[in-house]
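A lone chain, given as structure tokens: the form predicted alone.
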Amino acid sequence: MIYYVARRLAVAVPTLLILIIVSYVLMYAAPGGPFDTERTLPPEVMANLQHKYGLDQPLVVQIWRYVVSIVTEFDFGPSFQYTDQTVNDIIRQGFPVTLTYGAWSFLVAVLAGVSLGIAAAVCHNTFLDYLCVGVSVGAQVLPNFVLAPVLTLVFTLWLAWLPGGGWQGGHWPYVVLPVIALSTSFMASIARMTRSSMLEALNADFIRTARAKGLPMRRIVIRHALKPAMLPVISYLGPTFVGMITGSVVIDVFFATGGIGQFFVNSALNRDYPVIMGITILAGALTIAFNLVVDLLYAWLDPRIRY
């Protein structure tokens, strides 16, 4: 297992390097630049700006200096659009916000989705099964860009129970609506996936043997059926968690939370290359890390995978 983890970590380094190079080349190839505005800048001013940020260097030199800066100093460089702020400052400012509501959304989606899926599978073809499936389908057809304004309309404008935007240090009234809007569709996918895999596990031979021995259904589900049923769900949870904690563009923009999703949109519109690169590298590194965690959970849930 240690050799496997070391091998995966060794593969992660060239993967991140390829991600940096490809992202940098794609941004460099896109038309326009970070200092292009409606009013054309004088050539002298443009030359000074490009020289200040090293954009007048060849592409290979720019990539090399960028990679060296990250490896040696963990410095993603200054922002082109946010005055007197570096990319590290922006990530430190926005990532805790998205990590807070993303982690809560992930927890709600997993607990609710797995519970609905197990209940539907255990009570197959009953009213509870139809109810859980109906809730899952209803949540699946409501993406966050539809659910967010509906929640604001109901709970903010009509009932005046919760604020419709802002963050205020992460106080719970400002977290509830973003968490519901972000977790609902993921919860539906987890519930449907858990139901399907649990039904398959409950029809396995070893479950029939456990029933024949007279074991209670609760023990059969928790001790015998849950682990194999969670294998396909675990594979879905890895990238899902990364997607949640690295920020939802819709959630950040609609609820004005100040997360990195909003910074990513603004930097893309303004061609703020260092911010785009910093957030992209953050998402890539987290994806690689949590895919490794998923693989380790696979080996824990199913010991046969270790061999």
Partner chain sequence: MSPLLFGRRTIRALTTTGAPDTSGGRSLWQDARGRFVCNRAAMASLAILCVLVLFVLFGDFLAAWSNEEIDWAMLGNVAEEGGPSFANGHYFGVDELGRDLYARTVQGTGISLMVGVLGALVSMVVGTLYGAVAGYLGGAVDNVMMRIVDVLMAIPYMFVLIVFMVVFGRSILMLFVGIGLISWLDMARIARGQTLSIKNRDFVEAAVAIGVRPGRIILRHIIPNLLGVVVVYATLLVPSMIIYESFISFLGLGVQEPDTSLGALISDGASQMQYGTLWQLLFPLSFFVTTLFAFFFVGDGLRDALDPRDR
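Numbering follows the first chain given and starts at 1. Rigid core here is just the name for the largest C-alpha set that superposes within 1.5 Å across the two forms. Being a predicted model, the structure only gives us computed values, none of them experimental.
Keep in mind that the form predicted in complex with the partner chain is not shown, yet the notes after this line are about it.
> Kindly confirm or deny that Val67, Val176 and Thr257 each have some heavy atom within 4.5 angstroms of the partner chain in the model of the complex.
Result no, not one residue of the spot touches the partner chain.
> Looking at 104 to 112, 69 to 77, 156 to 164, 88 to 96, which stretch has residues with any non-hydrogen atom within 4.5 Å of the partner chain in the model of the complex?
Checking each option against the 4.5 Å cut-off leaves 156 to 164.
> Consider Phe145 of the chain shown here, and say whether it contacts the partner chain in the model of the complex, taking contact as heavy atoms within 4.5 Å.
The answer is yes: Phe145 has a heavy atom within 4.5 Å of the partner chain.
> Would you classify Gly170 as touching the partner chain in the model of the complex, given a 4.5 Å non-hydrogen atom cut-off?
Result no; Gly170 lies far from the partner chain in the model of the complex.
> Flag Ser189 as yes or no: does it have a non-hydrogen atom within 4.5 angstroms of any non-hydrogen atom of the partner chain in the model of the complex?
The answer is yes: Ser189 has a heavy atom within 4.5 Å of the partner chain.
> Even though the partner chain is not shown here, does Ile63 get within 4.5 Å of it in the model of the complex, heavy atoms only?
Judged by the heavy-atom cut-off of 4.5 Å, Ile63 is well away from the partner chain in the model of the complex.
> With the partner chain taken in the model of the complex, which residues across 254 to 282 come within 4.5 angstroms through any non-hydrogen atom?
In sequence order, Phe254, Phe264, Val265, Ala268, Leu269, Arg271, Tyr273, Ile276, Ile279, Thr280 come within 4.5 Å of the partner.
> Look at Val22 and decide if its Cα position differs by 2 Å or more between this form and the one not shown after superposing on the rigid core.
Val22 C-alpha, core-superposed: shift of less than 2 Å.
> Would Val294 count as moving between this form and the one not shown, using a Cα shift of 2 angstroms or more after superposing the core as the test?
The answer is no, as the C-alpha of Val294 shifts between this form and the one not shown by less than 2 Å after core alignment.
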